[in-house]
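Okay, so here's just one chain, in structure tokens, the form predicted alone.
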Amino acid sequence: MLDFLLGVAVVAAIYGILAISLNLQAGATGLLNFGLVGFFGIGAYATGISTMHGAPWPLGMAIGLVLAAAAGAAVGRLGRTLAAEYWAIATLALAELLRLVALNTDSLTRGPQGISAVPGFFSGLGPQSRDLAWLGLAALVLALCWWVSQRVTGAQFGRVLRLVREQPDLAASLGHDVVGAKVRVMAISAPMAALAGSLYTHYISFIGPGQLEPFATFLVWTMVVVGGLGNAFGVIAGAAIVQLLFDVTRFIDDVFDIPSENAGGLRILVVGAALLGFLYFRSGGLVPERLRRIDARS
């Protein structure tokens, strides 16, 4: 039982990094990114491909972060010509394009077989000690990403982002570079998703196209909505709750004696029901966003 809970906690911490990344985009800036898993995949495959060719793990991780920052900035630039709805669809299409490239490029990504035997950290420790060490590492990276997120949203730039989210035309009329703000926030948040992908690849020692399915983005969106869109603490809590729910339902076929081929669909149904329930009964999430009040006399 302890091994199971430790594994859930490690994955929840890694998904918490993804939730922080999405919260900067959707919660702070109002960017509907339906292709977050694409940035996750950039970091994951940069790690997998680098280690497959014998490169040290810091190099693979650094390559993933740089590529994700460049890709995030490029995707943010699409805001010049695309309305918000079309931009959201474009992000989904770009993530699917990356998955299809990974699926069909055997020479680079090993295609549908994926890249296995990726060296993991703390491999010399026992199972529980290894997961405890991983939990400490993932929690440390999560805390760092939370700190960066708070620095971004707590500064003047964060107030510009919220204005872009609520009144983009007003932001433009006040002289703010709306597209530039989107580019900057994507360049900051995309490497967080890539870092999560790199850590995940080292943790499970594998990356394949199956990890880049659109459902992964849907799962992170559920975490953010359940936790509280716009609240960094909330989305971390949402990541922990949703990941625990998703992993506990892994045993739903044993509890209810249903065919194993139906269990996967039921797990997705449970996560979807949780999302709809929060949207209906508590749309602000567990920890709703609380905007800072500033006294005009101060």
Partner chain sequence: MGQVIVDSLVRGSELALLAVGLTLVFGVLRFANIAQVEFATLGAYGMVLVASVAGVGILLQALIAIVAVGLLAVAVYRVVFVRLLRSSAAMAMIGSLALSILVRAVIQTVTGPDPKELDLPLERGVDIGGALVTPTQLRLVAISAVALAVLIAVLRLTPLGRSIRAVSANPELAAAAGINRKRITDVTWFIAGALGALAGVLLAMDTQVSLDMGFGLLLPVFAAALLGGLGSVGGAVAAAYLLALVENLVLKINFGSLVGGDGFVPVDYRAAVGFVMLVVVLLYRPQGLFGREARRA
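Small disclaimer: the values here were computed from a predicted structure and weren't measured. Numbering follows the first chain given and starts at 1.
Missing here is the form predicted together with its partner chain; even so, the following discussion is about that form.
- Just one listed stretch, out of 81-89, 134-142, 121-129, 197-205, contacts its partner chain in the predicted bound form at the 4.5 Å heavy atom level, and that stretch is 81-89.
- The partner is absent here; in the predicted bound form, the one residue of 66, 248, 55, 268 having a heavy atom within 4.5 Å of its partner chain is 268.
- Contact annotation: residue 61 falls outside 4.5 Å of its partner chain in the predicted bound form, judged by heavy atom distances.
- Within this chain, residue 214 lines the site of its partner chain in the predicted bound form, having a heavy atom no more than 4.5 Å away.
- In the predicted bound form, none of the heavy atoms of residue 49 sits within 4.5 Å of a heavy atom of its partner chain.
- When contacts are judged by a 4.5 Å heavy atom cut-off, residue 275 counts as touching its partner chain in the predicted bound form.
- Of the residues in 22-47, those that come within 4.5 Å of its partner chain in the predicted bound form through at least one heavy atom are, in sequence order, 32, 34.
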